[in-house]
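In C-alpha cells, the next block holds one chain alone, the form predicted on its own.
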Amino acid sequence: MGDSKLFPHPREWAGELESSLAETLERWAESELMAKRLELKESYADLLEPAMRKLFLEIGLQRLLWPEEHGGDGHNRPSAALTAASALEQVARGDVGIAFALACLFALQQSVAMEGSVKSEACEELSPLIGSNDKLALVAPVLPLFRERPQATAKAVRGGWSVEAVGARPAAFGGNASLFAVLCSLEGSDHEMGILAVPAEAKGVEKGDPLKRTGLAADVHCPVSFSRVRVPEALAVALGPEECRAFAAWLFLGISACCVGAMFSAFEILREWGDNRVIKGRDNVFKENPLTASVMAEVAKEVSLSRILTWNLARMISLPEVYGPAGSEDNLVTALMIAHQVAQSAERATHQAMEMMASAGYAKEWNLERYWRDVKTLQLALGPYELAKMDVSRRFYRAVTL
C-alpha cells in the first residue's frame, strides 16, 4: 500500500468518509493500475478506461457529490471540498489523468449541486449522465487560454442559448468528453459571462483531430468547434463572475490535489530506490549517504508542505460562512496561488527524484518520468504563471491597469 499517511495533514478535518474513501482508492490504484502497468503500459483501452470505469461507475465517484434526490450519494455540502481533495490525491497516485478527469467533474457538480443552492432543473438534465451505470461522465472545461477572454460566445435564444466557437482548446478531454463545460461571453443577458454544459453529442458540436500530448494518457485531447449549438436554459450551470470563479476555484483545488498524488508516487518510487541500492565502493545503502539523503529530504519536504497547503485550501472552500463563498475573488486568488505553488513543488520533487535515479529516472519501466510529464501537463491546464501573478498583484496591491 502507499506511503501517503507519512505526510502531515490536519487529520481532524478528515472524517470517517474521507478516511474510508482514501483506503478504498489506495486499493483501487494498486489493483487496477500499479499491478497491471508493467504489462499493459499506458494503453487507454486495456488499462486506463477499465480502471476509470471501475472508479467512476462501480466505486461510484461519479455520483459522490450529486444530490440524493437526483440519484447521487448526497455528499453535496461545502465540506465536500475536503472529500474531493482526499479522493483526488489518492486517485492521482495511481494515475494523474484519471484524477484530473474527476476534478473536472467535481468542479461542474459543485456549480449545480451544492446543498442550499441546488439547481434542480440542471440536475434533472444532467442526472441521466451522472447517474448512469454504464456511461462515463467526462467533463472537458473550455476556459480562457489567456486571462478572462472566453473562447466561446453564447446568444440568448428562446428557451436557452446558441453557442459559437471555432477551434476552441479544452483544458483536457476534448476527444473523449461526454460533456463540455464552456465559459462563454453571454449576449442578450444581464450576465457578462457564464458556463454552459454542452453535451458532446449535441448537434453542431465538432471534434477535431486528436493532438499529441506529453502527459495525461487518459486525456484524448483535441480542439472542438461549436456551430449554433442549442443549449437549454437549465444547462447554464454558472451565471455571472462569482459562480464562474467558484468553478475555477474548485478546479484549481483539484489540480493541486492531483499534483500531491503525483508526488506521493514519486516519493514511493524514490524511497524504494533508496532502500535497495548500494553506492559502489562505499558499501553504503543509497539513502544512508549524507549527500543523497539531503536531496531525498527535499523531495519529502515538497510533498509534505504541498499536502498541507492543499488541505488548507480545501478547508477554506469548505467553510463559506467563515471564508466567504468559493467564488469570491479572495478565494479564487488563493486557490490560484496554491495550485501554482503546488504544481511547481511537484515539478521540483519529481525532477529531483529523477536526477537521483539517473538513467532509471527517465526509463519508462520505473514510471517516474510519467508523473513528471503529467505534472507539466497540469501546469498547462493552470494557464501561464506570469499572467497568474498579475491576478495576484491586482488582489494584493489593488493594481487597476494590469
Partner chain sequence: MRTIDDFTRPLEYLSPLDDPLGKIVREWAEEHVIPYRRSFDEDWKDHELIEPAFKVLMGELGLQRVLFPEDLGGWGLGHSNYAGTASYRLMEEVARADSGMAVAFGVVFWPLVMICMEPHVNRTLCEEFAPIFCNTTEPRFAANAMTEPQGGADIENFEIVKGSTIRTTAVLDGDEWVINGHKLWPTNSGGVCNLFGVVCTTNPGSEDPNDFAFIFVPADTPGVTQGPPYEKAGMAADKNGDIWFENVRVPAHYRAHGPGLDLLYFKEVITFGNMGSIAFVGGAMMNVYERLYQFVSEETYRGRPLKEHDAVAGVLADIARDIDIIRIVGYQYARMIDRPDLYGPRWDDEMVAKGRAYKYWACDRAIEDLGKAMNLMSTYGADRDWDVEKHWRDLKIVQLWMGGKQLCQAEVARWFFECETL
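Bear in mind that the values here come from a model prediction, so they are computed numbers and not experimental data. Positions refer to the first chain, counted from 1.
Just so it is clear, the following notes concern the form predicted together with the partner chain, a form of the same protein that is not shown.
Novice: May I ask whether 278, 351 and 390 all come within 4.5 angstroms of the partner chain in the predicted complex, judged by heavy atoms?
Specialist: Heavy-atom distance to the partner chain in the predicted complex: all three under 4.5 Å.
Novice: Looking at 356, 59, 48, 338, which is the one with a non-hydrogen atom within 4.5 Å of the partner chain in the predicted complex?
Specialist: Result of the distance check: 356.
Novice: Scan 191, 271, 169, 155 and let me know which has any heavy atom within 4.5 Å of the partner chain in the predicted complex.
Specialist: Only one option qualifies, and that one is 169.
Novice: Which of these stretches, 111-119, 305-313, 138-146, 82-90, has heavy atoms within 4.5 Å of the partner chain in the predicted complex?
Specialist: Contact-bearing stretch, as computed: 138-146.
Novice: Indicate whether the partner chain has at least one heavy atom within 4.5 Å of a heavy atom of residue 15 in the predicted complex.
Specialist: No.
Novice: Is the gap between residue 373 and the partner chain in the predicted complex 4.5 Å or less for some heavy atom pair?
Specialist: Yes - in the predicted complex, heavy atoms of residue 373 and the partner chain come within 4.5 Å of each other.
Novice: Should residue 213 be classed as touching the partner chain in the predicted complex when contacts are defined as heavy atoms within 4.5 Å?
Specialist: Yes, contact at 4.5 Å.
Novice: Are any of the heavy atoms in residue 54 no more than 4.5 Å from a heavy atom of the partner chain in the predicted complex?
Specialist: Because no heavy atom of residue 54 falls inside 4.5 Å of the partner chain in the predicted complex, the answer is no.
Novice: For the stretch 373-387, return the residues whose heavy atoms include at least one within 4.5 Å of the partner chain in the predicted complex, in the order they occur.
Specialist: Residues within 4.5 Å: 373, 376, 377, 379, 380, 383, 384, 385, 386, 387.
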